[in-house]
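The chain below stands alone and is given as structure tokens, in the form predicted on its own.
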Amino acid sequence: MLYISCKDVVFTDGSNEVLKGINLDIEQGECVSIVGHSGSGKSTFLKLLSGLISPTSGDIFVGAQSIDDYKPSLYRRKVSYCFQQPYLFGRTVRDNVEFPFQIHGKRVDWDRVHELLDLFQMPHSYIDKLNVDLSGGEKQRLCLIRSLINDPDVILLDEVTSALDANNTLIVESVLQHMHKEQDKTILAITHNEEQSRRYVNRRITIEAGRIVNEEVL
């Protein structure tokens, strides 16, 4: 079932045309890697899909509905975006896992929190650990947990393993593979790692100079 559809999407920043007419359809449950040189427009494309910025022209549909027609709070629950550099809230792990519930006025679902901690191989005792005491890999895993707490349908990842060691990278990849295969999540992930771009995905898209120049079914 078609889930994400981009129709002639253009994004211009001043005089710079960053994206030059993106046409792309993503089926529900696909796991897609996005590759290309730095400055090719990959991160801008994910920011458009996340709703952080709006296209200069063209249309983006998610779940057969234009993203312009969603209430922002609903869209943030439906589509999750995780940045390359981990940014933590408050002082503790607890502050970060409670935040997604608080902004939606919901009671904290500790079963969901513990489920994600287990998936990302972080002990439940970490709940009251200080942010400053976390390793870089733990901070990135916590950011992923925070972005997944509301059980989004679409997961957008911007080089989230680029600064991780081999062990942390495998942990993150195993979770994404689980969510792709077992939970039918739609995942789009930017990576500069050639092996990773083919390892757990079913399609690979190459963006160069603001255009999709190649698509491979894997």
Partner chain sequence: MGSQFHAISFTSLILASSLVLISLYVSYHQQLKVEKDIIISSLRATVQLIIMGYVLNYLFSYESPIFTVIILLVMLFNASYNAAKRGNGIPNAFPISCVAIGVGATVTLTILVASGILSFTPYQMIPIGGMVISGAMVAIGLCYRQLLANFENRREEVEIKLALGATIQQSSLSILRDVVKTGMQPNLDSAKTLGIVSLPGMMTGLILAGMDPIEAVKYQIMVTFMSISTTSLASFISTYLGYRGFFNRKMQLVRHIGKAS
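Predicted model, so just to flag it, every value in this text is computed and none were measured. Numbering follows the first chain given and starts at 1.
Not on display, but discussed next: the form predicted in complex with its partner chain.
In the model of the complex, its partner chain sits within 4.5 Å of a heavy atom of Arg76.
In the model of the complex, Arg141 stays away from its partner chain, with no heavy atom inside 4.5 Å. Taking the partner from elsewhere, Ile53 is found to have a heavy atom lying within 4.5 Å of its partner chain in the model of the complex.
By the criterion of a heavy atom within 4.5 Å, Asn131 is excluded from the residues contacting its partner chain in the model of the complex. Only one of 30-38, 166-174, 53-61, 186-194 places residue heavy atoms within 4.5 angstroms of its partner chain in the model of the complex, namely 53-61. Highlighted residues Ser135, Asp151 and Arg203: none comes within 4.5 Å of its partner chain in the model of the complex, counting any heavy atom. In the model of the complex, the residues of 4-26 lying within 4.5 Å of its partner chain by at least one heavy atom are, in order, Phe11, Asp13.
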